[in-house]
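The chain below stands alone, shown as structure tokens; this is the form predicted alone.
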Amino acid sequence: MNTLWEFLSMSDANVRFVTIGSILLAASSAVVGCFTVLRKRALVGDAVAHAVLPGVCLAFMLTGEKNPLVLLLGSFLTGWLSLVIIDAITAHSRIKEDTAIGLVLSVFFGIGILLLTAIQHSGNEKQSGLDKFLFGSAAALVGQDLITFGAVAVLLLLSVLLLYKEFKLISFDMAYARTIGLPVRGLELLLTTLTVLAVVVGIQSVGVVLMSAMLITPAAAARFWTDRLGVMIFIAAAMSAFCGAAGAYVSFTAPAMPTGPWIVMLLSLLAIFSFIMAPKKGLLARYLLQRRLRNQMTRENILKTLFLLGETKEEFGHSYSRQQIMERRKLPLLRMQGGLKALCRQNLVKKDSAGWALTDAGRKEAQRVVRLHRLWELYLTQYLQVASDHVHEDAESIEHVLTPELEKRLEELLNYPTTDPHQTIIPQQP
């Protein structure tokens, strides 16, 4: 507890620089990363991250010192150059974008490693720590670095805030943006520039190898929680800021632990949690929805089976045994038992000594399902010219999802029919 309080007090200047720097770098990268993900250019961030290494090395070789502003400028130029080359290869050759990204990424990163090796063997005493750009070293941030990278991070956030509507439009509907006269090409170049800047400022924290994770992971995780861009950006920035502070705290308590990889690891854990637990799009929510729909279909199929059994004798209140139901409708025994119990609880089916029978409410619900089934069969034969002996299976699925609005539309299209393609009476609305 004392360690946490000491960390939160920010009394140590180095802790202050590392924590604030990590939060700014992580949050700004996440904000720009949201637009990168929505424009389906996630791999571009990885290419830029690997392409900035030659720029860092060249800037150091030309100046002979590790001035953060000079290194930032050098890395920005090569990062921008990599995007220009990717676009040129894609536009003027038969090579697809993903292949072009792989080529540019490997070539630039290879050149960067060669230059870094040459610097390490040059004997320049100021090159110490330059290799930290490979894996990042947030703990090496000092006051001058914080001012430089912090200013760029604030510039990124302000740019997104001021041009939010324009960026949103080109991310979702570029054709409409052109139609209303927006400078789409200029906005794309600006957004690309911001992506390069986000990568450039982030490599100090996590390095070129892990930078793409800082750019993409928060946006991908936030996408599971909302369908609104503004909320997505806020969630992504909040996740990244929290992980940036948490990574700095881990490094504070265990100095041997690097900040950057811990930030990425924590972001990955949050992403995995989002993939599984997000309320609407998570794996758990999707599984529960599928199970609920499967149970609903089972219940409706049982009701329909009881209705069809009664339709042959015109005795809808008659009781039928479990064996009779299973002979008419093949269902797994456990699923059918669960469906019958649920229908009893809903007062749609009643049980007596002879078996199971529809209640008045159950007959109305079963009549609705059968009605939708036969309307859809008739629609397939009349409008899609499907043979009448090929429409049953499709209607078996679609009858469970047709809404009252679609039912009304089907009736209008079919001129309020009374029989289906098999000349069986279509039940009227209950």
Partner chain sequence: MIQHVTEPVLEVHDVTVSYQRKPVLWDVDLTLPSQALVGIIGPNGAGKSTLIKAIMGLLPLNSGYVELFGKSLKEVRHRVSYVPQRESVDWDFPASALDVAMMGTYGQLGLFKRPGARERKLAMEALEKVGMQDYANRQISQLSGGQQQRVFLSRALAQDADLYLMDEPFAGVDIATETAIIELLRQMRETGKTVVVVHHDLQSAQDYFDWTILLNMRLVASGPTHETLTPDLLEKTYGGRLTELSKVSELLHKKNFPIRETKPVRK
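Positions refer to the first chain, counted from 1. Keep in mind that what you see is a predicted model, and the values were worked out from it rather than measured.
Quick note: we don't show the form predicted in complex with its partner chain, though the next part is all about it.
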Only one of 34-42, 399-407, 48-56, 61-69 has residues with a heavy atom within 4.5 Å of its partner chain in the model of the complex, and that stretch is 34-42
Considering only heavy atoms, tell me if Pro183 and its partner chain come within 4.5 Å of each other in the model of the complex.
yes
Considering only heavy atoms, tell me if Lys330 and its partner chain come within 4.5 Å of each other in the model of the complex.
no
Can you work out whether Glu300 and its partner chain are in contact in the model of the complex, taking contact to mean some heavy atom pair no more than 4.5 Å apart?
no
Mark Arg294 yes when one of its heavy atoms lies within 4.5 Å of a heavy atom of its partner chain in the model of the complex, and no otherwise.
no
Just give me the single entry in Ala354, Leu161, Ala254, Leu334 that has a non-hydrogen atom within 4.5 angstroms of its partner chain in the model of the complex.
Leu161
Check each of Thr192, Thr359, Ser171, Thr148 and return the one that places a heavy atom within 4.5 angstroms of its partner chain in the model of the complex.
Ser171
Using a 4.5 Å cut-off on any heavy atom, which residues of 281-298 would contact its partner chain in the model of the complex?
none
